[in-house]
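Listed next as structure tokens is one chain, alone, in the form predicted on its own.
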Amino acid sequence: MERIECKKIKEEAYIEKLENGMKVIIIPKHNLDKKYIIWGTHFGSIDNRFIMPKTNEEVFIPDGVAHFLEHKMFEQPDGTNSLDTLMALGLDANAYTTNNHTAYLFECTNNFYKGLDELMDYVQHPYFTDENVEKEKGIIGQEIKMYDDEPGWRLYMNALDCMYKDNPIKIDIAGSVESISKITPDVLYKCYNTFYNPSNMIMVVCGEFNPSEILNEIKSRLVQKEEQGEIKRIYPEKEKGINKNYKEDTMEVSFPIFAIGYKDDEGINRDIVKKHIAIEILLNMIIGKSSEAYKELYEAGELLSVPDLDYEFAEQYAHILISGQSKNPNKIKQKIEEIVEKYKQKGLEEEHFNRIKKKTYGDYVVEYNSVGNIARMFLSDSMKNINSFDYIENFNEVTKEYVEEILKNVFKKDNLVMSVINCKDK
């Protein structure tokens, strides 16, 4: 196994690429009772068009298949549900689908190996029938309708619609009631056999483990499959600029909620970790909890809570989102624009920059106190070919001058959008 180390925080990880192409990452955490495992496949909601490796067949699938497949993986031929089986063992088990990957996981203090048996059994043995697929359509259809009625989700999807015209990130992860009606067992098996090949999967284990021993336990439970080669994913051409600068809806909310976004046309580059750190520092300087702007807006009753600050990126998309609740969302947007312009003209204030930079570093270090945070972070980063330790090791390379450069390149007025959900009675 390859051993990588983060000397600054005295953490280590062991990485092994198995003969079948699967990557296993083991992060030992000593003197902790909790153990965490997450098994992910590089298959998300944006992967709706691809060429199958062995047949070279081009496949276009309905929206929502990755999420639908995640739901169906738990069902067993004997009528049992693997999620229930894991819960009965006292494990905190779950699964999720994102834009670029699907993951199955559990956390526990006891019964880890019984849980490992069940996890590796159900993920490697799908069971789809006409009957159970039709039944699931009704369940997921209700979930889709529930999300349609959820203001926060509508806000987010509208913000994406503002930033992107044809990019598949605009697709709801669960699809639509119409799109999932086209899903069949054949579609699910075709996607399973393509994307759930070990060569397209990553497993991360974190806890008090001997790396060699846990690796052997994992190997002994793997079904023998050959590495299939590269999956050719087909995406629309990358778009420059935004789709529209504003979108609003009216829903049942106590006060308006807003999402202010900057679409990042540059996206991923070789310095993506440095860039990500720089953007997090900038967001906290502009409107974070300890910023002057937040204090001013909160005390004036304009901002009702600390806004959420996110930078989402993958090979196909990249954007910043600042979201929160305000009586006057336009005033928040105006304030952010003023601060961004001031920083561009005058530069960042040294003392404020250093203070926020230290806070950001502290936030990264704290992540390593939780086995769950560590495992999910390593999986998500590995899906983007990022070594999670680089956020710590390369942190000091992020200078004030570099952050000012990122500010000018990413926080562009032409790429600024806003999504708002207004109150029904307004």
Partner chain sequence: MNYIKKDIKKGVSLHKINTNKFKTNLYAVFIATPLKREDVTKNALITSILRRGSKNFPSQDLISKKLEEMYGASFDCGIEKTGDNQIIKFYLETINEEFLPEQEELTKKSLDILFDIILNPLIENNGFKKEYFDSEKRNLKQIIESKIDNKRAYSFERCIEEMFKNEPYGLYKYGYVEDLEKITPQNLYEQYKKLISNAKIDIFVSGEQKDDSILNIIKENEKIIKLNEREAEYIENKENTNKTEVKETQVVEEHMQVAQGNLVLGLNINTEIENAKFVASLYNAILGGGANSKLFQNVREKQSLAYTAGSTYRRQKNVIFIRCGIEIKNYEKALNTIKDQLKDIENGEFSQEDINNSKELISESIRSINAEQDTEITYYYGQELSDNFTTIEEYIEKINSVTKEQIQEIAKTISINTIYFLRD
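Every value quoted in this text rests on a predicted model; they were computed, and no experiment measured them. Residue numbers count along the first chain shown, from 1.
One more form of this protein exists, namely the form predicted in complex with its partner chain; it is left out here, but the text below deals with it.
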Exercise. Could you tell me which one of K295, K182, K232, K344 places a heavy atom within 4.5 Å of its partner chain in the predicted complex?
Key: K295
Self-check item: Heavy atom within 4.5 Å of its partner chain in the predicted complex - residue from N158, Q228, Q325, N167
Solution: Q325
Exercise. Tell me whether M22, E131 and L215, taken together, all sit within 4.5 Å of its partner chain in the predicted complex, counting heavy atoms only.
Key: no
Exercise. Look up in the predicted complex whether G90 has a non-hydrogen atom within 4.5 angstroms of its partner chain, and give yes or no.
Key: yes
Quiz item: Taking the shortest heavy atom distance, is K29 within 4.5 Å of its partner chain in the predicted complex?
Solution: yes
Quiz item: Should L83 be classed as touching its partner chain in the predicted complex when contacts are defined as heavy atoms within 4.5 Å?
Solution: yes
Quiz item: At the 4.5 Å heavy atom threshold, is P77 in contact with its partner chain in the predicted complex?
Solution: no
Practice problem: Counting only non-hydrogen atoms, choose the one of 102-110, 262-270, 158-166, 215-223 that falls within 4.5 Å of its partner chain in the predicted complex. | Solution: 102-110
Practice problem: Select from 246-264 the residues with a non-hydrogen atom within 4.5 Å of its partner chain in the predicted complex and write them out in sequence order. | Solution: E252, V253, S254, F255
